[in-house]
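One chain is shown next in structure tokens, namely the form predicted on its own.
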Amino acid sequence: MPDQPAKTTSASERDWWKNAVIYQIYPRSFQDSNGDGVGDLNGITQRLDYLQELGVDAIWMTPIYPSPQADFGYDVADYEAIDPHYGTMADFDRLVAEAAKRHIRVIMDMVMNHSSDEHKWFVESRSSRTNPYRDWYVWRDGNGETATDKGEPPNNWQSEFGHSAWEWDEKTRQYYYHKFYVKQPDLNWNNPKVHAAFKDIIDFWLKRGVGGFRFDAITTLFEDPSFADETAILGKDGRPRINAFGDPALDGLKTEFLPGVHAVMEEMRASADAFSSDKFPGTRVLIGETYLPDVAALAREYGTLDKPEFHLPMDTQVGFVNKPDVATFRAKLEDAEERLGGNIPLLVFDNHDNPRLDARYGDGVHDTDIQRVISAILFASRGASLFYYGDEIGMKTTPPTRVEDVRDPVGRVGWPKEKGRDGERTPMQWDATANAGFAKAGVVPWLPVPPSYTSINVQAEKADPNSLLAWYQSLIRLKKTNPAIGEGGYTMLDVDNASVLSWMCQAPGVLAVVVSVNFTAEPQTVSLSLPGSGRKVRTLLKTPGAPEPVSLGKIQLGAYGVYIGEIQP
């Protein structure tokens, strides 16, 4: 095959993220290569051929930096090294190089809201009130504090992991703030030295060839300077609601979504955009963990033409509806198409912090077909798509049954109402051998392998042309090869239908594509009203066993059925 012209190659490298398929890997759980029961970088490298066959453009790995592992890597002790659990810097460099050979980029998790309490910055910060690093973190006096009494925490702010977000430090006799776990003190983003440190960290990883960054907990970067109490959320009875940790539920408006984040991301984007490398060409994509209250807030996360921020803030408006409601999905997808200012949406339905798709959308009977519905929405629409390891084979949420088995600090604090996130982080199910092929026989994995591995695994599904894995591969192939789906805008059809969601994808110069997904367990027949509705359709993909439609006027869908077809001229 002759080389493409340089201009075409340059455009491809520049715009790769706009129709990207991004695969999230939880490194501890993907593949153990050295027999210690913990997944590692060499394990990921071993599985790159699988990811290439799946059609993945990039992998996002949760943190692999040195860490005490109090929150399994999100408590970072050194931002410019590799945790020995996962390997060495040489292993990382090899992963980046081998992934590049397969046209797969490696995206790092960037944790800027907080560090580990064992990071050298915080060790210095808590050593004395006069230490130069003291104002790298958020320190406050207690309410009613005296020389002999620490008083009460500075305000009622709460940790996402339960209870007060303030921890008393006896040595320096102040409280430090932690939006998350007690061992994750929040950095002070009002300090310019913190900004400079993270621009250096980003540059360090760019020079090693990473394809971009996913910014963790980015909406919590700043705190209200008044440090006033947050407001309790009231129930219908007028009393404060109680959350899973037994605490009053608060509105979060003093600790989330504060406007200073925009200026920070403008800085980080400018640093990434300014970087260039002949060895590692192409756009370095910035992805945001953006759980936001509405689409207007999401649109602001892109920044402006002269001051861009995220390339791809996560659109959790769509994927975390958490109920199979057609009207809600239709409205959220229309928002993504029409109210993001022409920016590229990043749809995401699943990640390491939420129960898997079966627990949030499944009914226990039609789970596989429901996942076909979800994946059709994820991949058969304009923009980038992000999915979680194991979704492509239908891995199940498998939480611990005993508090003694809980590894996640969220579950240890909140048990039994809040069981934590272990259930969605179990080892990848590669085959039906011992430990599901994640680790050698006789090795004890860091989390138990679910019993479902004997039937739900990559090897079994590769052998079945009607499997969920085959479906994912076909959908991703369509997204990458059909311009109407990958690049075109979409228009909702049959908008009064409360059972079936239908839309049409259109791009200049190619045939339009229609997609219909049944959100119910009852068979449905849809008639799509388009100019020349008698036109025939050519099937691109449909639920196995479903009948071929004669025309747009009669598309038959089984329980949670999916139909994708090209409208014929």
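Since the model is a prediction, treat every value here as computed from it, not as a measurement. Don't overthink the numbering: it's just position in the shown sequence, from 1.
Below, we refer to the form predicted together with a small molecule, which is not included among the displayed structures.
Scanning 104, 299, 333, 217 against the small molecule in the model of the complex with a 4.5 Å heavy atom cut-off leaves one residue, 217. In terms of contact with the small molecule in the model of the complex, the residue from 367, 289, 167, 91 that brings a heavy atom within 4.5 Å is 289.
At a distance threshold of 4.5 angstroms between non-hydrogen atoms, residue 372 is out of contact with the small molecule in the model of the complex.
Among residues of the shown chain, residue 425 is one whose heavy atoms approach the small molecule to within 4.5 Å in the model of the complex.
The small molecule is not shown here, but in the model of the complex it comes within 4.5 Å of a heavy atom of residue 74. The small molecule is not shown here, and in the model of the complex it never comes within 4.5 Å of any heavy atom of residue 254.
For the small molecule in the model of the complex, the listed stretch (396-404, 493-501, 176-184, 480-488) containing residues with heavy atoms inside 4.5 Å is 176-184.
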